[in-house]
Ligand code: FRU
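Okay, here we've got a single chain as structure tokens, the form predicted on its own, with questions on binding and movement later.
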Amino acid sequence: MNALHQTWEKLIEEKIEKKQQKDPYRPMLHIAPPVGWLNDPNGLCQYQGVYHAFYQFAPFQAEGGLKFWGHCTSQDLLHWEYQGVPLMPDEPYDCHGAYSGSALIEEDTMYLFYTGNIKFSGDYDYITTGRENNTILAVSQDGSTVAEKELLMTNQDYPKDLTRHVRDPKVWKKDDTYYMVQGARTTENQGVVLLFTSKDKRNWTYLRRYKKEGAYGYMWECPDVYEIDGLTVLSVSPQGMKQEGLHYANCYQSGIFFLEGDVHLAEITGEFRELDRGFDFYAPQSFLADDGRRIQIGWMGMPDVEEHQNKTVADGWQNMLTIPRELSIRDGILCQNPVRELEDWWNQIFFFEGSYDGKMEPCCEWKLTIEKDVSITLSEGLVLRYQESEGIFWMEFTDHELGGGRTIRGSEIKALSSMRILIDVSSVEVFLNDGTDVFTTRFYPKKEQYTVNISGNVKGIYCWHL
């Protein structure tokens, strides 16, 4: 631990100690920063039986700033304990930010691969000049402190037709070979994913790239590659895709392609499919739990969006991560559902049929079986509705203040048979048809606004915890 690391650590601790405890929108089950700004999930893993989630953390300002890695741990994927800031921008090769990355667990050691950001002052475009993105390895022997760092690659080690934007390493091992993917932007403004291989985790060789011709954006961030139910998934977060009808309505997107063939030779098959159609979802990452589940967590936020306001800024913090989601494939579609631990945590259950109108707990879940059409109003101003004759599911804020400027999102769905709505104080995650489609948003009810109105031919279960 160098002197700069110690200085940062002291300043962050002081910032947290000074924070006022007024937190009307702090979640019960979701990861949120103690102070400051949170974005991308990083280093997701299960280490010695404990779940670890790191995240991009700007501790000094709720609006963002210099990036560190915050750290939380959990025994059940629901209740997270803040563990401090083990990864800091304290070396010349990461001095302007410890950017996103991943974790590899091997022989009781945690290997954290991440991007070290350097941004020079001057007249630069910061695309082809003016910045460096370095690939760095940080090693932890206890899962909470970094024992050593090592610079692995610089921009000079990446292919020559790329801009300075190469970042977000995801690393895994198969057989006797380590693999790494990184997101990149070419000089022709095409988003691509780079594939590297290594035999020792430190010396990496560029092998090839994954790309898709067409209007798929100028930069692919936060890549992830994994096998699930016999298929290989390539997850990316493109920047620069244009809206097409109801598709790609957010500033940036997150979604998947499938890869066909061995990872060394695989090609992208099929079209890009969005992972979440709501307002607040970006930069998801996944990990393989000890019990074999593929679990994904995303950033419940969106970069570069001025029209969306998060009211927690007044309380000194901003943004959250999604509930951990189990991934599966059904009928060729990647499905997401809340981790099964959530089912066992609810200890209060109320069954109903038909309409429902009343109050709800700030942290609760609604499980609905739907006959045909349904309309749900949460907190007097967030409407979730579906009419089979129209074939579109809508998430719409009719109350501007409740949504902080969020408006409407929709997705074409042939039929709606089931819906799960997870509410956690200032967030809503909606899972349709057993996780085939998902809508995520933040919202900001007043204390007396935790209400629900359900109309339609439904059978429902209302769950909460006392």
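Everything quoted here is computed from the prediction, not taken from an experiment. Residue positions are given as counts along the sequence shown, with the first one as 1.
Another form exists, predicted in complex with beta-D-fructofuranose (FRU); not displayed. Remarks below refer to it.
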Response to the item:
in the predicted bound form, the residue from D280, E221, D224, D94 with a non-hydrogen atom within 4.5 Å of beta-D-fructofuranose (FRU) is E221
Worksheet item: Which one, 285 to 293, 144 to 152, 380 to 388, 95 to 103, holds residues whose non-hydrogen atoms are within 4.5 Å of beta-D-fructofuranose (FRU) in the predicted bound form?
Response: 95 to 103
Discussion item. Check R185 for me: does it contact beta-D-fructofuranose (FRU) in the predicted bound form (non-hydrogen atoms, 4.5 angstroms)?
Written reply: no
Item to complete: Verify the contact flag for R167: yes if a non-hydrogen atom of it lies within 4.5 Å of a non-hydrogen atom of beta-D-fructofuranose (FRU) in the predicted bound form, no if not.
Response: yes
Worksheet item: Heavy atom to heavy atom, is Q56 within 4.5 Å of beta-D-fructofuranose (FRU) in the predicted bound form?
Response: yes
Discussion item. Using a 4.5 angstroms cut-off on non-hydrogen atoms, would N39 count as touching beta-D-fructofuranose (FRU) in the predicted bound form?
Written reply: yes
Worksheet item: What residues of 59 to 97, in sequence order, lie within 4.5 Å of beta-D-fructofuranose (FRU) in the predicted bound form by heavy atom?
Response: K67
